[in-house]
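Only one chain is included here, represented as structure tokens and corresponding to the form predicted alone.
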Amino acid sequence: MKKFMPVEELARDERFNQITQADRMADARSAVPANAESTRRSSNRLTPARADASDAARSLMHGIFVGEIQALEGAGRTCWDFTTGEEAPFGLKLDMARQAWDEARHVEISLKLGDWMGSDVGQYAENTVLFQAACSNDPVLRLAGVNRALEGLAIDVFTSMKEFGEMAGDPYLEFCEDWMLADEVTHVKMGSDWLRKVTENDPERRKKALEFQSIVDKMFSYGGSRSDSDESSLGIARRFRELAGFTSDENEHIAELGLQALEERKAQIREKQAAAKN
């Protein structure tokens, strides 16, 4: 089996529609809403009260589904790509194998939830940046980019979807998201523990990994779609992140990255609006 498989070789059937991160951010539909309706709302959080709540929830659920596929692929590749004992400890690879098993279950759950919510596979585009974060030739960078940054995002997403299911009176959505959230906390905790253990005597390697995590965290703020601001659709699930090994300072840093991305995106929108008027 080939090692270090590039994102271009991911196996997908004709139902899937892949999109790059650059294309996604260039699509106005994925940006922080800038229309009159959104600016009048007191909050952009995903709640049943939003006029676009149904479509927004289905889109997010589809994003979870394809994200779980890529998380499965990424964890599986980490088990295969690195030599046991030399490049990656056996215990680390064992945890990645456990995570792959969890992700396979999440794929099945998310697919069934998509059916329940009335969406089809491929109805929304698949952003492949999650798997790209799992393509590093350093297993520590994979832990930082995938287990800490992206699985950390999953904690925020599942918390929001669980709350949405509770508010919408959907016990199936609420239960399934709560179930998967517990797994995500475990996945992030594994990444936090292994990153610190493997880099215990290599502060430069740890610094590099955390810098990579910060880049991925900001990239996955999606122009400010995740922050403490009510203008963002997703909040920071601080309590669950702390259970997963994040410190208060790390949570503050992630929240600040989200606010920076939000302000940058709003500035871009203002510039485009001004250019259109001229």
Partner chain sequence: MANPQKPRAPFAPWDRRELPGSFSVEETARRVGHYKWAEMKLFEALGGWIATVPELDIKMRLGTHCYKHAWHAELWHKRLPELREMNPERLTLPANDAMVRFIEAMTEPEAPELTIEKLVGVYRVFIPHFISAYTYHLNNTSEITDMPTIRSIKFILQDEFDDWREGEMLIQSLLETTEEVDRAAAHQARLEKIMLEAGGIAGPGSIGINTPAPQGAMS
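Positions refer to the first chain, counted from 1. What you are looking at is a predicted structure, and each value in this text was computed from that prediction instead of being measured.
One more form of this protein, predicted in complex with the partner chain, exists but is not displayed; see below.
Trainee: Which single stretch, out of 86-94, 136-144, 158-166, 203-211, brings residue heavy atoms within 4.5 Å of the partner chain in the model of the complex?
Mentor: One stretch meets the cut-off, namely 86-94.
Trainee: Taking the shortest heavy atom distance, is F175 within 4.5 Å of the partner chain in the model of the complex?
Mentor: Contact check for F175: no, nothing within 4.5 Å of the partner chain in the model of the complex.
Trainee: Closest heavy atom of F65 to the partner chain in the model of the complex, within 4.5 Å or not?
Mentor: Contact with the partner chain, yes.
Trainee: With a cut-off of 4.5 Å between heavy atoms, is K189 one of the residues that contacts the partner chain in the model of the complex?
Mentor: Contact check for K189: no, nothing within 4.5 Å of the partner chain in the model of the complex.
Trainee: Using a 4.5 Å heavy atom cut-off, state whether L60 contacts the partner chain in the model of the complex.
Mentor: So L60 does not count as contacting the partner chain.
Trainee: In the model of the complex, which of the listed residues (L153, L72, M180, L195) lies with a heavy atom within 4.5 Å of the partner chain?
Mentor: Result of the distance check: L72.
Trainee: Could you list the residues in 78-112 that come within 4.5 Å of the partner chain in the model of the complex, counting only heavy atoms and keeping sequence order?
Mentor: Going through 78-112 in order - heavy atoms within 4.5 Å of the partner chain in the model of the complex - the hits are C79, W80, T84, F90, K93, L94, A97, R98, A100, W101, A104, V107, E108, L111.
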